[in-house]
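A lone chain, given as structure tokens: the form predicted on its own.
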């Protein structure tokens, strides 16, 4: 497969500009770090074992493992492999009370992340600093505190801060993924961390739930609940489980999408006959029909600026991806390869749409450039891959993979193309939705 598309952050040169962020104490001066990288090259980071942790419920080795996973998964970093050498240099630094930049450079590292864990059985604090080894100076410092059960969230925050400071791009370590699972015997709504940890059931009733989508506040979800043959759209707060019904029109109520501002919805309704795309007010009222065809229209998705809508229609004889104004009107077809293309999701930068395409009888994940119409196939091999959802960084996707009679969720970096399975165990995992 050939890929001609590039991103600004991974182009011919990557210049990293950083503003030092101090822990409480004396003010620090502005520090700039410049690292020139060719396409696909990564920043080499050394992560020694953080000091301390005794007397707390936070394990220093666990902290390093999660931080390393977060930074490497971001796609911008590669960690020094030889941890024995890393920890030996760190031990020497602690003995001398200074950072031996020459020794760290000798390990091949460009930056080093140092830290200390303090606290007790009730609370913890992680203080971390990042140092530019070429220039021999600190470039970032942060403190994270909380209850012991929150240590993973603290490390995720540290990772995202490092990614943001060194690349200018958003990290994904603190993001969440909503999904549907039938591990209880009924399809129910769940939320988990981006790495598959901390899976939490959101809706506690025994009714089937499907098609989740996030609000921009990253706490509320909208979804379709099935009460017998009746479909109802609900909003649920993930932190409390509090629910409120949004719509319950006759017929199909499905594929709800929240607008970027969180004040409107798109959804598929069949209240006027066949399934069509509608736009609704913030309280689920005032449904305005956007499509007028005898064909089936479904799976609407807002563009990041809220001005356009991607959706699926079989008006040409088979399911294809179309784009139209968020006010309706003439639709533009954007997929022409293949006879079955569905489940669109618009990238956060608005340049790509990820979707599911049937290739030789197997569903695979593709992207299409909304301007050039260039199509890139991202997945291969057996097992149906369906329902892609973009991460907030615009370079990772999550989707379901059906293999061996079971569906699980997989994450994919669209540049490195190395899939990472996020779920396992009993039941199916379906319909993922990444926080915006």
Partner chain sequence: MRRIVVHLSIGILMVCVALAMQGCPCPPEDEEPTAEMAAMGETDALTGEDIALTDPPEEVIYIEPTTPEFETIYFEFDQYRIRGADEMSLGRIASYLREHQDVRVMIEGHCDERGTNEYNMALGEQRALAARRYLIGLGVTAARLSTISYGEERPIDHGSSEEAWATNRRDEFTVSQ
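Keep in mind the model is a prediction, meaning the values are calculated, not measured. Residue numbers count along the first chain shown, from 1.
Missing here is the form predicted in complex with the partner chain; even so, the following discussion is about that form.
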Query raised in the report: Okay, which stretch from 127-135, 350-358, 142-150, 112-120 lines the partner chain in the predicted bound form, with non-hydrogen atoms inside 4.5 Å?
Result: 350-358
Requested in this report: Answer yes if any heavy atom of residue 219 is within 4.5 Å of a heavy atom of the partner chain in the predicted bound form; otherwise answer no.
Outcome: no
**Report entry** is_contact(residue 85, the partner chain) in the predicted bound form, heavy atom dist at most 4.5 Å
**Finding:** no
Query raised in the report: Using heavy atoms and a 4.5 Å limit, would one call residue 291 a contact residue for the partner chain in the predicted bound form?
Result: no
Query - Contact of residue 330 with the partner chain in the predicted bound form (heavy atom, 4.5 Å) - result: no
Report task. May I ask you to choose, among 342, 165, 335, 238, the residue with a heavy atom within 4.5 Å of the partner chain in the predicted bound form? Result -> 342
Report task. Please pick, from 295, 325, 105, 259, the one residue with any non-hydrogen atom lying within 4.5 angstroms of the partner chain in the predicted bound form. Result -> 295
**Report entry** Residues within 4.5 Å of the partner chain in the predicted bound form, restricted to 50-79 and counted by heavy atom
**Finding:** none
